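Okay, so here's just one chain, in structure tokens, the form predicted alone.
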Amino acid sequence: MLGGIDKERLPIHIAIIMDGNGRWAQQKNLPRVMGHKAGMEALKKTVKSCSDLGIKILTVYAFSTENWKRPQDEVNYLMGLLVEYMRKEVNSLHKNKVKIKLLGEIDVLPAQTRIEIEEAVKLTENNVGLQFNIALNYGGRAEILKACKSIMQDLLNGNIDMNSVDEKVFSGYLYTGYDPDPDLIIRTSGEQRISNFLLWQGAYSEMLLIDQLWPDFDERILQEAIMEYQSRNRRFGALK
């Protein structure tokens, strides 16, 4: 046991909807961008905590397909913040054997943001520690639609047989590929919706909605979330 956590029953995959940066800044009479900067610090701590605990996969919702609707100045700041994060953290992540994986369509991102992220992915691609999935320009519906189109194209090309397409095969066409589905999805800031995040993968994930705003998320809250997960009885539609 570690701080009340049973190390033998850790969730394999934790996913987080990092919400509340703007409200955190507003409460402190700061510009919204300062909330995003504080949120980046919380992310750094969370990646380290998950790595130290032995979590296999951490997926974070960094930027959704809907976030482009935000003011352009805020979008530009977020893209620059991603560049800053990669430049500052990638060597440390690599040293700690963290593997970075991208979920989403990155072709439309600003060139410098895309370059920094692709270089980080390449540098860490053979690492065997925590797999750090960054959902960037990501939308669950778009992901499923893209998978359906890819399957149809492979059917037309004769690469696969229709009768072979089951849930496992379909999952392989998603951004997450054959990664295990998230055991636990955490959403901060008290909001109670999934917001187009991991719609297929989260079918049987345990949900935990917490009131803390994302910049206040820390190791203690993460450990409490894991203990809550461990207290639940996962039945996957069956009886136990």
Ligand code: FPP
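Just count from 1 along the sequence shown to find any residue number. Predicted model, so just to flag it, every value in this text is computed and none were measured.
This protein has a second form, the form predicted in complex with ligand FPP, left out of what is shown; the following refers to that one.
The candidate site formed by 53, 95 and 129 is entirely out of contact with ligand FPP in the predicted complex, as no residue has a non-hydrogen atom within 4.5 angstroms of it. With the partner omitted here, the residue from 184, 198, 43, 58 that has a non-hydrogen atom within 4.5 angstroms of ligand FPP in the predicted complex is 43.
Checking 74, 119, 125, 154 against ligand FPP in the predicted complex, a heavy atom within 4.5 Å turns up for just one residue: 74. In the predicted complex, no heavy atom of residue 28 sits within 4.5 Å of ligand FPP. Not displayed here, ligand FPP is kept clear of residue 14 by more than 4.5 Å at the level of heavy atoms in the predicted complex. None of the heavy atoms of residue 226 is located within 4.5 Å of ligand FPP in the predicted complex. When ligand FPP is considered in the predicted complex, residue 65 lies well away from it, no heavy atom lying within 4.5 Å. Note on the interface: of 199-207, 170-178, 66-74, 45-53, the segment with non-hydrogen atoms within 4.5 angstroms of ligand FPP in the predicted complex is 66-74. Residues of 15-37 that come within 4.5 Å of ligand FPP in the predicted complex, judged by any heavy atom, are 18, 19, 20, 21, 22, 23, 32, 36 in sequence order.
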